[in-house]
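To begin, one chain is listed below as structure tokens, in the form predicted on its own.
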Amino acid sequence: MEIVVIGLGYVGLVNAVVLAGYHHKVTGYDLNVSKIARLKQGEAVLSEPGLQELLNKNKENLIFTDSAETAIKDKEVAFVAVDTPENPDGSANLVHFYAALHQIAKFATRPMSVIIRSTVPVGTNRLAAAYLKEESPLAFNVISQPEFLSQGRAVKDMKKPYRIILGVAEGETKKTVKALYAFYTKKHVPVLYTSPESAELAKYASNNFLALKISYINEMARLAEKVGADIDEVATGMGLDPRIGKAFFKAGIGYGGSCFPKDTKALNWLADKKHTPSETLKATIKVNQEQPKLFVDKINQRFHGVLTGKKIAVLGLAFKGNTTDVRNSPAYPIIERLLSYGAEVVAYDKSAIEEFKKNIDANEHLTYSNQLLSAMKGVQAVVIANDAKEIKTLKPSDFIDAMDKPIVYDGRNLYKPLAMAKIEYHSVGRPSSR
């Protein structure tokens, strides 16, 4: 099939590259001229495992352009995968989404299936169909296909997802998507056809449930610290129950990234708009916002309320290790709170420093390092803020060599307390050493 993918972020680019591997002719379109230039040179532009290799392998079926007309003209299928950031009130901002629809209506030259991969409010599918009908004489088959990709494994999630959900309005055809996704059927991936509203809500409901699990285990971790329990053991015990499951039961400093913070607020906004109680949503958001602040307060208490002049290293600025994505990273509130207490902060990340700087005010008490061991040299405490591979593999001796008196606050529970017994070690919801 002749396909255009509009928006080449995580969802769009992975979508385009994977589809090209199944013998579809795919054109990727994005307004970002420098991104398109790099993609034309064969550079994946995202540090996602397997993406560069797949781009190299499937390049014969891929074209990249910053021209909407070139991208959309003569295509059978258009994937809309543009960003839908949050508004100040928590609702989704659809400016980019409707800009994409406008381009489709303007430049389409034949009837087309429009597949919505962007995360959009419930009801957007029907509004999009009405908009296209009004703006163009052509027939458009609008389908909602929520994405469930995880950063760090997006290629795997796209190639073999847990499920495909397709929201198709009554009277619309399923023929195109059945042909488009025949390879999923062969792999026995569950394909569920629903109404557009159900597909749209399934996306929000799924992400909010996973966020709820994270906030729940973090709330239990707070209690575990008070009663002397080990939250890892508690989570393991709970996860062995198949009705509960073990996924997303890792205590820490809270969730971040491009999806969970935005989607929890968006669903909460929708529930409020529809005058529907959403107490679990509100609690999920509140617990997550409090978690990094409470973590820093433990550090402040350890130093008897005097962090002024104390030098503290924060390791990991991206919200997840081995990515450059700093959106809603817990490192932001951690560093801001440490600075508010008067600490001197050395922030380490291997590759996300420049992106991180764009969203935090410059401060004479905040410096940066892309050298892990150097960042820890001579500091009074280390804060582990993400699970990057080079951070996970640190040994007690690394802290001992770098610090006069090693004090480690592990916000990701990367290490076993017993293994860290030689140093002062604090984590989330587990007994501290020393």
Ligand code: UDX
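When you see a residue number, it is the position in the sequence shown, counting from 1. Here the structure is a predicted model, which means the values were calculated and not measured.
Absent from the display: the form predicted together with uridine-5'-diphosphate-xylopyranose (UDX). The rest refers to it.
Residue 150 belongs to the set of residues with a heavy atom inside 4.5 Å of uridine-5'-diphosphate-xylopyranose (UDX) in the predicted complex.
Contact between residue 262 and uridine-5'-diphosphate-xylopyranose (UDX) in the predicted complex is not found at the 4.5 Å heavy atom cutoff. Not displayed here, uridine-5'-diphosphate-xylopyranose (UDX) is kept clear of residue 94 by more than 4.5 Å at the level of heavy atoms in the predicted complex. Although the partner is absent here, residue 248 sits close enough that one of its heavy atoms falls within 4.5 Å of uridine-5'-diphosphate-xylopyranose (UDX) in the predicted complex.
Here the chain stands alone, but in the predicted complex its contact with uridine-5'-diphosphate-xylopyranose (UDX), taken as any heavy atom within 4.5 Å, falls in 252-260 among 107-115, 275-283, 252-260, 184-192. Annotation: in the predicted complex, residues 203, 207 and 320 each come within 4.5 Å of uridine-5'-diphosphate-xylopyranose (UDX) through at least one heavy atom. The single contact residue among 214, 72, 326, 234, judged by any heavy atom lying within 4.5 Å of uridine-5'-diphosphate-xylopyranose (UDX) in the predicted complex, is 214. In the predicted complex, 412 is the single residue of 399-418 with at least one heavy atom within 4.5 Å of uridine-5'-diphosphate-xylopyranose (UDX).
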